[in-house]
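Two separate entries follow, structure 1 and structure 2, each one form of the same protein chain as structure tokens.
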Structure 1
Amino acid sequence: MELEYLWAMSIKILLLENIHPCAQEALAEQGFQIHVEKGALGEDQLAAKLADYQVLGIRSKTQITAKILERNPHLHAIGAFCIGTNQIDLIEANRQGIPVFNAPYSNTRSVAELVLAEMVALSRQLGDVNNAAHRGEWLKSAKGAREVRGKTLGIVGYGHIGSQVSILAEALGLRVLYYDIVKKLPLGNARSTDSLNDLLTQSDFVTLHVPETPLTRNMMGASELQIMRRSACLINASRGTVVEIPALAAAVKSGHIGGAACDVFPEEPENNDQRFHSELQGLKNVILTPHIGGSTEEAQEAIGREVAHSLGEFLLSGLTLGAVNFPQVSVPPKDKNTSRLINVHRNVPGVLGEINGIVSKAGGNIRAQYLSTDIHMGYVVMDTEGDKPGQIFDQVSRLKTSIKTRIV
């Protein structure tokens, strides 16, 4: 049995929140021990449970706090089986030498399709007439129902999802504007605007596709909503903190906003058994969905495969490409005749010299060495020849600068 497989068998991975089974299958095939739980866990419960695991896989509900990470410095990696990583304390994870891998592209199409569907639904007031029909009411009327063709869609955030929405919207005959703080090349006939306000004043629909940052928190408040065209509609499938919910509810009640669709909220239930509450409930032409933008079978399978692949590559070879909080290193497969030393250390002068000196004194020969750093840490992957890999590991791991050391 290969040494790498034997090492993998000692690694226990905890997967939470109904991560797609393909992730479990892919990781198990590589020899890792997998334990699955359906829901999210609270801070204290998760901090205690992780004592028995070296790798954690989560989706968007589980909050990985500094307290959890400080109590579990033995973690090798965290997999975020979703796009966002704001639920994880990335700074503390970096300090502990724990890379975080996500799937930034896998649910792009699913979210984009939901946005287009909600735009059409809002334009035809489908939510209201559907509810009325279920109550036995027959509300056949053209009043307030409009085609989306020929209207203007404003996209805030022109990244992977925003640009995909742009392409689909043009196919429906919409004029597309977008605003992004980073200069982005337009696709198709889309046109950028100089400011958010400029976009808001011109758009019949506004869709938000921005990350959660201090700059985006409450970026759509009362003043921004008031700038929007009367009867325009707002769609938020990005992050719940981006929109001031009380201000949006007031804008809908007053009739200034023609409708809204929200898939994300500032506070969301931790699981399907908890009740959901929002000031937007019961309002006319408001569509509320339970954070399902990326919840399609296709997207969840793609996410499962992508993150499982990243975790496997890191654990078995040391590759860190795609980690959101870690120095990026691309390495080839390990030669069977070498030992691979992987070391995370504080980024201070002289560390590499100390490590190389340890290898030299142990009679080892360095076949290949890969190093990358960020402001806080260095990450080195070193392939060596010799018969004392255990001695090298012991001495490198005892260096005052070392955060994590392993051999694969």
Structure 2
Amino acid sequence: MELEYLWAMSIKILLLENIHPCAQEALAEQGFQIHVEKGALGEDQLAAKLADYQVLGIRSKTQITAKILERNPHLHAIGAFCIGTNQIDLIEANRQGIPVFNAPYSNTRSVAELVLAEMVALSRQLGDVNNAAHRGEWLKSAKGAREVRGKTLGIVGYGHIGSQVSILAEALGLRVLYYDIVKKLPLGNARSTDSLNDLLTQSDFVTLHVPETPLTRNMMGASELQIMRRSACLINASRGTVVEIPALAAAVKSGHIGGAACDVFPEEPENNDQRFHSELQGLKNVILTPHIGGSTEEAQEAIGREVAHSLGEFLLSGLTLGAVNFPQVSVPPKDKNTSRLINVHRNVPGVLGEINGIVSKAGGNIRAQYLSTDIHMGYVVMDTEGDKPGQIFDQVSRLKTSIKTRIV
């Protein structure tokens, strides 16, 4: 059996909260031992349970507190099989040398598709005619119903989701404009505008894809909505705080804004048992969805694959790309003739010199060395030739500055 596979078999991974089965399959294929539990665990229960595991996979319900991490310093990594990582004490995880991996862009396409559907739905007042038909009313009319072909779409925030929307919208025959605070390469025939106002005055649809920052808070208020073309539609599947809801409600009521689709709100129910309230409820041609932009089966599967892949790459090769709380290191696969030492250490002067001194005294030769640091932490992956990898490992792991050391 390959050495790497043998090493992998010694790693036990606990997956909680119904993580997509593809993650379990992908990790098991690499040789790791997997234990799955359906629900989340409380603080004490999880802290005790982790004694038997080196890696933990969670979704958004499990809280990873400092107490859990302090009681389990042997943890190698945490996989957050979701987008956000607020449920994890990232600072404490960093302090303990535990990288946290998530999948921030696995649901990009799902959001983009919802936006496309909403443009067509708003153009044909689908929400209203559908509701009427359910009530038994027959509202057949072409008045105010339009094709999206040939119209102008303005995308605010040309990142992962905005740029996907751009490509899909062009395929439907829309002309695409975008505005971003960072200079972005236009895709297809899209054109950037110099200002948000420029975009607003030219667009039949405006779709928002910016993060929540002090700059984007209430970025679409009364004056921005007023600048938009008469009867234009607004779509927000980014963050609830980006749109000033009372101003949007007023603009829809006055008829200046022809329709709106909102997937996110300044205040959202915490679960499906709570009631949802918004000033936008009951307004004409307004589509309200419960933050489902990224909630698809495909996105869940993509998250499962992506985080399982990141964990595998970290455990077997030492890559930390994509870790949200850790120095980033990208390394090539290990050469069969070398040993790979992975060390997390406190970021103080002289550590690398000490490590290199140990290798040199053991008669080893450093073939490659990859280092990355943050303010508290240094992370080094080192490939060495020589016949004393065990001695090097022992001495490096005993350094006062070492937090975690392993050989793969």
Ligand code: NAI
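Every value quoted in this text rests on a predicted model; they were computed, and no experiment measured them. For residue numbers, the reference is structure 1: its sequence is counted from 1.
Q: Please state whether structure 1 or structure 2 is the form predicted together with this ligand.
A: It is structure 2; that copy is the form predicted together with this ligand.
Q: If one rigid piece of the chain rotates against another between the two structures, which among 176, 78, 286, 299 sits on the hinge?
A: The residue sitting at the hinge is 299.
Q: Could you tell me the angle, in degrees, through which the smaller rigid part rotates relative to the larger one between the two structures?
A: The computed domain rotation is 27 degrees.
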